[in-house]
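Below, in structure tokens: the form predicted on its own, a single chain.
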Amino acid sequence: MAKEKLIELKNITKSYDGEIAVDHLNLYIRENEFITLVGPSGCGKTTTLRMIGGFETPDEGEIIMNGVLVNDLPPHKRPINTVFQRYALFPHLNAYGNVAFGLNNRSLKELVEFYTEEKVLATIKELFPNYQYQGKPSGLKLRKAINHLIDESVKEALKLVNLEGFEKRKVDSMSGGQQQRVAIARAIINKPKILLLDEPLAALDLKLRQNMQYELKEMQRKLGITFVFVTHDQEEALTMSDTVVVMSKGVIQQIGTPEDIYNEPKNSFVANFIGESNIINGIYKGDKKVFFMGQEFECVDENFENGEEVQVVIRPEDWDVVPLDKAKLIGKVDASVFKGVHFEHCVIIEGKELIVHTYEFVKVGEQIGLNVDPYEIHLMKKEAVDAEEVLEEILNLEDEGPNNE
């Protein structure tokens, strides 16, 4: 059964000082979905997240949650909590105090509504079995029941993020990964329908970041709430997401599952940004055949006109290295780098540089024979945009920062 739409962004536009950050964006997010906005610095992903959270107001368009327009609704009135890249924990409080902070700052009336009156009364009877309830419980007993429920909630949240027993630990003595878990526990204790995560793993080292990717996905599955995640890291997007939204210059380039985004990129930007790609100009010859680099290859795409110019996408790992007498393409290895699991070879064929991943080492200067299976060839419509311009935009990633969108 299809999940209900929880958030709808309709024709959203946002500018800063005349520069468009988000350009007429349309997107819907379903309940219990893990959706990731991914793209290079300045693509508008963080601005989009901040508009969903209520920290920014769109110049145009509508933000709808559960069928209600929320453009002017402040963050604390939305069914949302946010985990920022900088966790914004309170250094003078321990882990318990940080997680309990939001609930401790609510009024008794708000807390009774949060836990429900039935649960509060059941807790009073549990704590005071001889208490004769008549009408309205006394303030003292009500407060003790609420404190008991908060205590249970804090311990449950810390257990969920694998910090059971860390209640008294000062946050400034915790590791980056532990602090991140505290920030997540502080968010989920409020039982939001939507959790926004703005590059929460960016400050962690590689191994811890990889571990947290799996933990976040498992956490989302257990909680059953919607996660909206922002990152510029393609691996994070592919590893955790149900749906990936690739953005560039304030515009959505492609929406799809991680498999669709990787295997069926819509344009050269997506092909280059999500993983590595060889993009080669070719001509569709009809009957599932394509001509490129002086040879005709079988393919599986057929939605093109006979003689139409196309762009051929082949991932580096999809090349087959074969003996020279069985190869359709023969090139010379110009450079070779060991990547741990595989070797990355730069191969020159007819002046064109191709990236090839193999498990075998090939010496620089040696010839190499290549074939490719039909299902490993993906065709795209010929674009007017120069591939070098696309690559230059992607290389701006080293300037990625938390406040530049």
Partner chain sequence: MNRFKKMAIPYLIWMIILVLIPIVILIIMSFQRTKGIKIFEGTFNNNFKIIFSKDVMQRLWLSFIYSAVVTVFCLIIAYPVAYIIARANFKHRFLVLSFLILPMWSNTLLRTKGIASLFMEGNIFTSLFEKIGITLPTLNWYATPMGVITGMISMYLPFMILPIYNSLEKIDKSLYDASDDLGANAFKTFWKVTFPISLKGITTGIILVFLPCATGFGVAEQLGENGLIGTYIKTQFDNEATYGVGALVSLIILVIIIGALFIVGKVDKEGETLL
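For clarity, a rigid core is taken as the largest C-alpha set superposing within 1.5 Å between two forms. Positions refer to the first chain, counted from 1. Here the structure is a predicted model, which is why all the values come from computation and not from measurement.
Not pictured, yet referred to below: the form predicted together with its partner chain.
Although the partner is absent from this view, Ala335 stays clear of its partner chain in the model of the complex, with no non-hydrogen atom inside 4.5 angstroms. Leu329 falls outside the set of residues with a heavy atom inside 4.5 Å of its partner chain in the model of the complex. In the model of the complex, its partner chain stays beyond 4.5 Å of every heavy atom belonging to Tyr131. In the model of the complex, none of the heavy atoms of Pro258 sits within 4.5 Å of a heavy atom of its partner chain. Contact annotation: its partner chain lies within 4.5 Å of heavy atoms from the stretch 100-108 in the model of the complex, the single such stretch among 100-108, 289-297, 150-158, 302-310.
Note on the partner interface in the model of the complex: the residue among Gly139, Gly224, Pro91, Gly165 having a heavy atom within 4.5 angstroms of its partner chain is Pro91. This chain lacks the partner; the member of Ile274, Val245, Met212, Ile80 within 4.5 angstroms of its partner chain in the model of the complex by a non-hydrogen atom is Ile80. Contacts with its partner chain in the model of the complex, taken as any heavy atom within 4.5 Å, map within 52-76 to Phe55, Pro75, His76.
The Cα position of Ser173 differs by 2 Å or more between this form and the one not shown after fitting on the rigid core. Core-superposed comparison between this form and the one not shown: the Cα of Leu93 travels 2 Å or more.
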